[in-house]
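Shown next as structure tokens: one chain only, the form predicted alone.
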Amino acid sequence: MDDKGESDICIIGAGIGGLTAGALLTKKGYEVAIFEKEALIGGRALSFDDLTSFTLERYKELLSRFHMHIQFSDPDLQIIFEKKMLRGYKLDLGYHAIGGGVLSNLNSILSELNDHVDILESYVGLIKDDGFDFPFLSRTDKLKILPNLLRLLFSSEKTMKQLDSVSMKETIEKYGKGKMKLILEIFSRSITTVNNLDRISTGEMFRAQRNLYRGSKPVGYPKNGLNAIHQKLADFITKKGGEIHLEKPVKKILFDGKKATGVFVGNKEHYFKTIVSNILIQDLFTIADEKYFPKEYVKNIKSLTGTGSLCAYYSLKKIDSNLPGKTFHFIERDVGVDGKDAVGMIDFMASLPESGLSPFDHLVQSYIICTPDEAKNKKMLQSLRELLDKNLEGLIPDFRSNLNWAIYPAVWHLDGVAKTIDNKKIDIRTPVENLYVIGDCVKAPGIGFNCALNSAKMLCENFPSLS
């Protein structure tokens, strides 16, 4: 390779994938520089330690850059900011649970860095018209259902690959009876953040669910918010000599023929032996000239779609003492979304004092699944908001009289690429020499947060240790 004063590795984007890759690569002895366009690390899994440091205008601008907006709030968002009602609260851009809880890949990766993050975990209940079940499955249900479910979950990889092209609708028609049908209907949607069962891959859903049957609880959330994870990774990178450059957007990737050679940042060219993109894959060609890539590759990337949600954060003066630490799913039938039925979740893990997310009152996090287009449709969002409020009311009948504030972020790029039958995720290695892509947009095990973590780990397997 020609010597142009290159450093080892450039990572574009300080999301969870970029930070994880940066930490693992610096551990191996590589020089790593991360360029992040925002003033904060975390990417689309960003969390705010205290939103009172933001003006309302700056908050709205930031959300728009992450394909989000606040469609509703109570009281008006202007009043919430003027009265600094969010002081002390730690909120995500949009709610991001970590599937698999303590047995997710997160602490496995952090252990390689001699670190650890404490994770709150919860079993999942089900909200019904006449109350709720908690947990979702009784002991009797488990005895009846688990043998068949485990047989599916722990099928060989050969079988899983065959199931990759089988829709959950087909699987439910074959195996779904009684409570088993409800499990497959709800969990397949909540794991993939997709309502349409025709689009959900049976193989991908079962791969993502395996951790739940190794002793972990289904839902996890880090104490002190997602930023606790990001900061640990960032601190490791900088302590090992890596660099994280904030508010330094990459304007373009530099090429020499069929080889990526560097990036253009500010008014300067920076040369690297390897370039790693952690931005939304659909945005790759805003910084990389598509003429260097095969036409079919470009066409496939431009066809990929993400996932959407309407989230809600509620601050409540009081809640029933049996709710903190619990998480509940719900399913609403024939509500006009793609796939007809909509699944959502009401999470009370953040209402635990040890969560570190609420200064004094109770914080409730929730979401309901929709498509990216539905997340931009005001009429649809109004219907989804009513469903979120209705399900919270089913758990806390007097929640409105105990409400401090509520905000409803609509997200149309929660996961960069939906893990579905029709989305053909790309490999980490691109057709261009020295250029890799990572994040929840690529072909890696898991969904969302876990997919991003695993993509970073897979990337690092291409690089031998230098130390």
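Residues carry their position along the shown sequence, with the first being 1. Note that the structure is predicted; figures quoted are calculated from it, not measured.
Although it is not shown, the form predicted in complex with a small molecule is what the next lines describe.
Contact with the small molecule in the model of the complex, judged as any non-hydrogen atom within 4.5 angstroms, is confined among 420 to 428, 24 to 32, 62 to 70, 47 to 55 to 62 to 70. This chain lacks the partner; the member of L384, I237, I200, C311 within 4.5 angstroms of the small molecule in the model of the complex by a non-hydrogen atom is C311. Between the small molecule and the residues L363, L91, L184, A97, the one pair within 4.5 Å by heavy atoms in the model of the complex involves A97.
Proximity to the small molecule in the model of the complex holds for none of K217, P222 and G356, with the criterion being a heavy atom within 4.5 Å. In the model of the complex, the small molecule sits beyond 4.5 Å of every heavy atom of V276. Remark: K37 counts among the residues lining the small molecule in the model of the complex, judged by a heavy atom distance of 4.5 Å or less. The small molecule is not drawn, but in the model of the complex it has a heavy atom within 4.5 Å of K248. By the criterion of a heavy atom within 4.5 Å, L459 is excluded from the residues contacting the small molecule in the model of the complex.
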